[in-house]
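As a starting point, one isolated chain is supplied in structure tokens, in the form predicted alone.
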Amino acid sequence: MALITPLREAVSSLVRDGDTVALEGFTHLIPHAAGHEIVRQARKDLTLVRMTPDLVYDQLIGMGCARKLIFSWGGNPGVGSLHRFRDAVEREWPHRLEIEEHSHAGMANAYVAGASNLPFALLRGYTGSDLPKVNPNIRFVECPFTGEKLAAIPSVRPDVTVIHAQKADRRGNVLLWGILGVQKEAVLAAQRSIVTVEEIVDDLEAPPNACVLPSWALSAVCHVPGGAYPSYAQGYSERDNRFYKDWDPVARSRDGFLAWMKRHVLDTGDFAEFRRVLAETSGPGTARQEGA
């Protein structure tokens, strides 16, 4: 059953050094607040998993939290590269990062297999791709019924999955809507889970066919309004496109990145304070000038 608890306590009790951790969210509902708390608590040797790692993973990798990344496509959406991610892969800073790259379809099927408690996923995929040449976990099997050649990849079963959602009720049931991505499957595949939410209500008032994650499938629910920022939560906030653009020059410089993370994340007590400090410094670009 889900425990309604502060985010700091949820991360402290549920995210451990060496864990496989998935912070999922597709376009919106990206759990930035939880990513920041993992950085504050200096978790290390994590295997990070995500279909589309973007800014929050750039921050986790740059702060030395990650040992390995399992992913499909990584970048700053609409802007360019993740410079801390690239620095780790190309120059091993702050240390070596092992990578395991898949297609979107491969990752989605791997989550479904994990949620189904299966050891691997099967799909029609990777045909004509060079990914099997560099990823030994992409293999091919023959269908025993048709003889068709199919791709097989290990299921994704995180130790911890973290997502952001719109609502939870006081019993710990969670309602989310909009672009769902693989949040549901990622939670069901995990041993433990943390959900940050915009609000906690008496009644979810879930419409027919809604995506509701039951309390018994979750470990912790945390009230963190705006916890997806700078991404958005449909019905609650808009995407801060400027933040994504301004992140590019911050992340290009190691010193600028570290200065920004210290001022905005390490030296703040929670995500609400992060938002206040960010407003005072007029966005990511300030730290670039101070630390570059």
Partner chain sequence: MAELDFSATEIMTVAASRLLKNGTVCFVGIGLPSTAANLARLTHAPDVVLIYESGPIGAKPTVLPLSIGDGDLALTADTVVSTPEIFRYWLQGGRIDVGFLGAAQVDRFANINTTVIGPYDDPKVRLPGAGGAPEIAAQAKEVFIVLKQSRKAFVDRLPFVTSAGFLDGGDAREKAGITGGGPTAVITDLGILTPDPVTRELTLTSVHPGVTVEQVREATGWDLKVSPDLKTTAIPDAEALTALRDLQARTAKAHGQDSSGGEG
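Numbering follows the first chain given and starts at 1. Everything quoted here is computed from the prediction, not taken from an experiment.
We do not show the form predicted together with the partner chain, though everything after this point is about it.
Not one of S13, A66 and R170 is positioned with any heavy atom within 4.5 Å of the partner chain in the predicted complex. Residues with any non-hydrogen atom within 4.5 angstroms of the partner chain in the predicted complex fall in just one of 256-264, 222-230, 35-43, 66-74: 66-74. Contact annotation: H102 falls within 4.5 Å of the partner chain in the predicted complex, judged by heavy atom distances. Looking at F26, you'd find a heavy atom of it within 4.5 angstroms of the partner chain in the predicted complex.
Contact between A217 and the partner chain in the predicted complex is found at the 4.5 Å heavy atom cutoff. Within 4.5 Å of some heavy atom of the partner chain in the predicted complex lies at least one heavy atom of G181. With contact defined as any non-hydrogen atom lying within 4.5 angstroms of the partner chain in the predicted complex, the contacting residues in 85-121 are F85, R86, V89, E90, I99, E101, H102, S103, H104, A105, A108, N109, V112, A115, S116, N117, L118, given in sequence order.
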